[in-house]
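Single chain ahead, written as structure tokens, the form predicted alone.
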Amino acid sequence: MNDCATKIELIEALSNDAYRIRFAVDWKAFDPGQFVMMGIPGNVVFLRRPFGIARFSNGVAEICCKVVGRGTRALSDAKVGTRIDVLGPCGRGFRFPQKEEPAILVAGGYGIGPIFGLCEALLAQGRRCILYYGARETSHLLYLDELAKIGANVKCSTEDGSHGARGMIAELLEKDLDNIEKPSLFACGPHGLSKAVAEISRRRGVPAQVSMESYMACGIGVCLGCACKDADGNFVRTCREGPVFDVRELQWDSSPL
């Protein structure tokens, strides 16, 4: 994990409220599922914001920034060349399945960022994978062009039926699992999606990992603001013990903290 001062090299709109942002870093590599804590330009907010790493190549990292408040709005409004501070790569990423096991990736909306990074890494190794991607409507489906370019097998659903199947992506996933031998599940998205994947995993005896979305203030495990409960009811830090967890490690009966 390194803390570096860098500059924004690219900002590009992916939708009305989501942006691709690239910046140079001094890492050698990252594990898909890891994240960065990024400083916000100006004096709009004090704390850094966490973003999943979508891509990394030749010393340049990419994150997907969805505008949800003052901090992300200020970041999306920044210009190329703006100086930023970046801490990363942070946390625990996905653990790859055995080579003979097909990887079934599941993303919901903005959760496509870390899942895209995982998909690209798996395909680069010649691994078998299928990506199930769901969102509320077509405009909320991001990285579709990039997924096509890397040859990803993508199955989509939207709640309004405007793209792919109508309904929730977990429903489409479960319909298909009967025809997939020895799958391993990898998910990132809203808590409801992670919980649905955990339930599918429990009911079918299928291994699953989820990247938990959580508010983070420090990203290094000090502030304890991102805590969730493990299977024994103890608190674990999303930023340090996660953000990727085996679903068996977590408690799913209570609401997220």
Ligand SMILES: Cc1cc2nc3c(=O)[nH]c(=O)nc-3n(C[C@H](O)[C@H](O)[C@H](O)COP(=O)(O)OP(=O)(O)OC[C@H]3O[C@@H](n4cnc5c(N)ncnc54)[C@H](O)[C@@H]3O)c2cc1C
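A quick note: this is a predicted structure, and the numbers were derived from the prediction, not measured. All residue numbers are counted from 1 along the displayed sequence.
One more form of this protein should be noted, the form predicted together with this ligand, which is absent from this view; the next part is about it.
**Q** Would T72 show up as a contact with this ligand in the model of the complex if we use heavy atoms at 4.5 Å?
**A** Yes.
**Q** Would you classify V68 as touching this ligand in the model of the complex, given a 4.5 Å non-hydrogen atom cut-off?
**A** Heavy-atom contact with this ligand at 4.5 Å: present for V68.
**Q** How about C64 - does it come within 4.5 Å of this ligand in the model of the complex, if we only consider non-hydrogen atoms?
**A** Judged by the heavy-atom cut-off of 4.5 Å, C64 is in contact with this ligand in the model of the complex.
**Q** Report whether the minimum heavy atom distance between R49 and this ligand in the model of the complex is within 4.5 Å.
**A** The answer is yes: R49 has a heavy atom within 4.5 Å of this ligand.
**Q** For the chain seen here without its partner, which of 108 to 116, 150 to 158, 163 to 171, 81 to 89 has a heavy atom within 4.5 Å of this ligand in the model of the complex?
**A** Careful reading of the contacts points to 108 to 116.
**Q** Just one of I200, M212, C228, I40 has a heavy atom within 4.5 Å of this ligand in the model of the complex. Which one?
**A** Contact residue from the list: M212.
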